[in-house]
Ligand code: BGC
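Only one chain is given next, in structure tokens, and it is the form predicted on its own.
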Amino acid sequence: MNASSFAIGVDVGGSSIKCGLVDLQTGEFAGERYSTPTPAQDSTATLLAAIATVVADVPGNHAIGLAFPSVIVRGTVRTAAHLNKAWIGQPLAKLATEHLRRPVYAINDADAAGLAELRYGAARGVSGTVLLLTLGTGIGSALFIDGRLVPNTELGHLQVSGREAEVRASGRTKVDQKMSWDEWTEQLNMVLRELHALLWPDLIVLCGGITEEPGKFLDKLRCESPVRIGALRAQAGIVGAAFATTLAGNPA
């Protein structure tokens, strides 16, 4: 297998930056995974330096896919809900390419997770409309229609009965508000019903750390669409970011 069959995936989360070399044929890791704390509210230079630190641990000079918690339009950051607002308007792909001295493709973190599940995981082979939700610090979303990504949907900010979806049902909300599993699942059901009414998806995939315990909530979900737990779990962002380097016309 040649070098182009591998790429580095970097997933910038609210608390940590995770990184690994991915075999693009299988979606599996081709070595160790590395992480470092995310300097979320520090300067853009500090965050770029943190990314460089974890990437330096991965052998080889492979292309890099960078999953970022922001709307990304043609490589530029447009929102910063959980990062320093100084990122807004910054050409992330260009800055990272210069800083890391190799091609970098920047993509919304939920979109990256969705690509991984569509290519290698729970949504593989599913046609029609597929919606992926990442339940973490907030709620990220990735929407696919017949395998094509509709980028930057940001459905976690959708108003559900007067409150944002992610305020109701993110993983962090459950922890911060000390919600029971039943209380949290009730809120998640409200969000799922609203999204179903808008999109009528053929499949909904749930990802994020909180989905590591599906037995606590999965059988209590009430949604007209089929709901699956993501197969790649917390690694979907890394794998999807790496796969994004193969997309035609990706900006660097």
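We number the residues from 1 along the sequence you see. Fair warning: this is a prediction, and the values are worked out from it, not measured in the lab.
Below, we turn to the form predicted in complex with this ligand, even though it does not appear here.
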property	result
Non-hydrogen atom contact residue 110 with this ligand in the model of the complex at 4.5 angstroms	yes
Contact label in the model of the complex: residue 138 to this ligand, heavy atom within 4.5 Å	yes
Close approach of residue 81 to this ligand in the model of the complex, 4.5 Å, heavy atom	yes
Residue 71 within 4.5 Å of this ligand in the model of the complex, heavy atoms	yes
Contact test, all of 134, 154 and 157, partner this ligand in the model of the complex, heavy atom 4.5 Å	yes
Partner-facing stretch of 178 to 186, 120 to 128, 101 to 109, 86 to 94, counted where any non-hydrogen atom is within 4.5 angstroms of this ligand in the model of the complex	101 to 109
